[in-house]
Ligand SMILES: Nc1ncnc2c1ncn2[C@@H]1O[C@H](COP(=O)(O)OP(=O)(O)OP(=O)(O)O)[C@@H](O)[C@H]1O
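Just the one chain here, the form predicted on its own, laid out as structure tokens.
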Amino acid sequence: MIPRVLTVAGSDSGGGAGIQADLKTMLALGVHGMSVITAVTAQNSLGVQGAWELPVEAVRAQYRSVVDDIGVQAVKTGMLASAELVEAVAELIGATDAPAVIDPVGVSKHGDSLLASSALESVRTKLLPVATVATPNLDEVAQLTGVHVESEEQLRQAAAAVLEYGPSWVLIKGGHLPGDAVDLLTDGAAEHWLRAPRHDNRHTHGTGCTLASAIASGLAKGLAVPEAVTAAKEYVTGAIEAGFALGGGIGPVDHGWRFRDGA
């Protein structure tokens, strides 16, 4: 049976991030993607013009509908918007026997807030403890822990601070640092440094969603965490290199780059 992956996230009407990016990534990586929509956004290449979260009961009903009938081999989260949604989703994931990739989405690529400040404590105490892998970027690390990373050497400090909240593994994404795109994956004992060349392409909308979905796809296929993250890093690096202009602002990464390369 094709591995099944469930994304619990917001909808991006522009198709570059959120649920849309997640499902494209899952298709590209050979798994069956399913969705629980937590919020609807009016969003394009220029930014987020509006966001409306769904009621908790609608989110819970979508989740139970999929998991109880179809089943899942991995779950991935994205935009959860409010403390109520964070806590409901954390409870659902905690009762599901499948690895979970938690992308603690705080702000959009354009700087628009996608998480209420009142929800931060719920992310720390409810959501991160159920994560198989947490994938914060440096802005999200600062939001959650107060650790501000300005150099590669500080990635260890950031990872330790996030691990304090209970995820099994953390992937600190160092893409905002100068130089190569360097990420640190660790469970507090083993360290895996992932490096990729930085591509001169500003069309990177959806990078975080795509990476987390690619990790979840690898875990659903039975890969160990380090192998799933390494494969996901390779996939998203190619997607960033092939990112294309869309609208008048920041375009998306290209989720179908391997098909267009004929690979």
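Please read all numbers here as calculations on a predicted model, not as lab measurements. Start at 1 with the first residue shown and count on from there.
One more form of this protein should be noted, the form predicted in complex with the ligand, which is absent from this view; the next part is about it.
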query	finding
Option from 145-153, 177-185, 81-89, 123-131 whose residues, in the predicted complex, bring a heavy atom within 4.5 Å of the ligand	177-185
4.5 angstroms heavy atom contact with the ligand in the predicted complex for Leu219	no
Residue contact check: Ala214 to the ligand in the predicted complex, 4.5 Å heavy atom	no
Distance check, Pro55 to the ligand in the predicted complex, heavy atom within 4.5 Å	no
Contact flag, Arg64 vs the ligand in the predicted complex, heavy atom cut 4.5 Å	no
